[in-house]
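This document opens with one chain alone, in structure tokens, the form predicted alone.
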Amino acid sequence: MQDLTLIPAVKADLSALPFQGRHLINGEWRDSADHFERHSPAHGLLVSRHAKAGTAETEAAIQAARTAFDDGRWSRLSGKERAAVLTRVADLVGTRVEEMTLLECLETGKPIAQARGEIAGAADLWRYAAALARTLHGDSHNSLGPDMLAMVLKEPIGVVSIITPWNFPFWILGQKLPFALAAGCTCVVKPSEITPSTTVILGEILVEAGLPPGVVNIVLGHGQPVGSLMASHPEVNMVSFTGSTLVGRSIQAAASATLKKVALELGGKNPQVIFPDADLDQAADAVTFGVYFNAGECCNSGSRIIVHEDIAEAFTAKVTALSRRVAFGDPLDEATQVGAIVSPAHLGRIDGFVKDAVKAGAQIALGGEAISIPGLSGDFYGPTIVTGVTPDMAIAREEVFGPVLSVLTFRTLDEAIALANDGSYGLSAGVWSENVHTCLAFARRVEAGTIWTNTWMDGFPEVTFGGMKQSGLGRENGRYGLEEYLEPKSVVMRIGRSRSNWVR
């Protein structure tokens, strides 16, 4: 195993499993005739069993959200009242962190320490959205003449379908749902069928926090028919989806029949460009983090680096050495940094990209194969670094979504920017240099929604997030994340009796 750092299986009390999940529709918990199960990709054990929605449950959830929006039980509350509920949600999340951490660790295969950080950190998204709920305002136009006054109101867009992925189920829901609620919208939520349990627990928290029935409805199931109906239904005003670009296109197509608004956070093939004057030790550590965080199953994964040819060999050696020290193994161990791959099929897809790159002329500097963890039967892929990559290779252009780093080289700033922009994605990018002019030139010219300079993957609720090109539409987090769920309405008023008659 090429002298890697491996964490063997640990003992843990899992007697409370499996978790049982049901739908939340109009404030009531409902079961279904059909069910589906999720097994741990690291341990093989049964983690959860959930009600499986069909058309009837989905229709009921959408109608509940429609009724709740139209009667104003949430949309007509004051910002202060909505903020109070969102703040209570944040507080209650804090009381159930460990319960949700264990479920997310087991369902996703991610390390338990990372799962804990995701769950606890998501509470801050709810607190920030609560603050935004009290600052909603429109515009006024008082310079239209002595007899005219106009206002632009910002109103909630209506019923929002929220469809979330399996890789960060609780965090990504936190980038959508509290902002939609802060705006006054009502929602139907479908988590991934792979990782639904923490969303169900959030439903319990919403009820306990005093959210009125029907304001948030949760349906558990698959893309067909649940997700498809949520995207196409005429009573839905907006769809917010995070997932692959392929599925994003289908969501947009399904929504087009009713011309509803669509917000999409999709894939990325995110470059980090390293110049010779950078702090190479810091850059190497950040690159290592960027590619192995969440086993590379992350839209923001720093999956390709573009290194100046003068330092490429030495820098790759630094990253390779660090990669050997990254702890791969049992997600239940607090020391584990990289856990299991989400499914055998996905592991095969990752390995296919690596093997195809070798056939195309690339070289393997490290890894390139599945690994075994002592005491576990799950799916693990070792840290992998691929050198000699050219821009035309699939591994340089497509989202591998695994712990695989592609290394390309450049000579000039212009060439680096051209390589960074050479592709269909535009989610994030990074630049490493001690020269501020280099960093600013790169940031202004690179086609990506987020540019990190001398860091990687730092994020805050206040700072908006989203992609360009085929990485998506719209923005999450920050004030822009709230604006996604608002519809501007102009009100034009004549003051007094100054209007002259049109008919003479």
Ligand code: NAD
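Each residue number is its position in the shown sequence, starting from 1. If you're wondering where the values come from, they're calculated on a predicted model, not measured in any experiment.
Only in words, not in the display: the form predicted in complex with this ligand, which the text now covers.
- Checking Glu265, Asp379, Glu104, Asp330 for any heavy atom within 4.5 Å of this ligand in the model of the complex turns up a single hit: Glu265.
- The partner is absent here; in the model of the complex, the one residue of Ile163, Ala429, Ile119, Val89 having a heavy atom within 4.5 Å of this ligand is Ile163.
- Highlighted residues His222, Ile251 and Phe401: every one comes within 4.5 Å of this ligand in the model of the complex, counting any heavy atom.
- For the chain shown alone, Val200 is not a contact residue for this ligand in the model of the complex, no non-hydrogen atom being within 4.5 angstroms.
- Though the partner is left out of this view, Val85 does not reach within 4.5 Å of this ligand in the model of the complex, counting heavy atoms only.
- Contact check for Pro271: every heavy atom lies farther than 4.5 Å from this ligand in the model of the complex.
- Although the partner is absent here, Lys190 is a contact residue: one of its heavy atoms lies within 4.5 angstroms of this ligand in the model of the complex.
- Contact with this ligand in the model of the complex, defined as any heavy atom within 4.5 Å, is confined among 356 to 364, 304 to 312, 322 to 330, 393 to 401 to 393 to 401.
- Counting a residue when any of its non-hydrogen atoms is within 4.5 Å of this ligand in the model of the complex, the one hit in 296 to 315 is Cys299.
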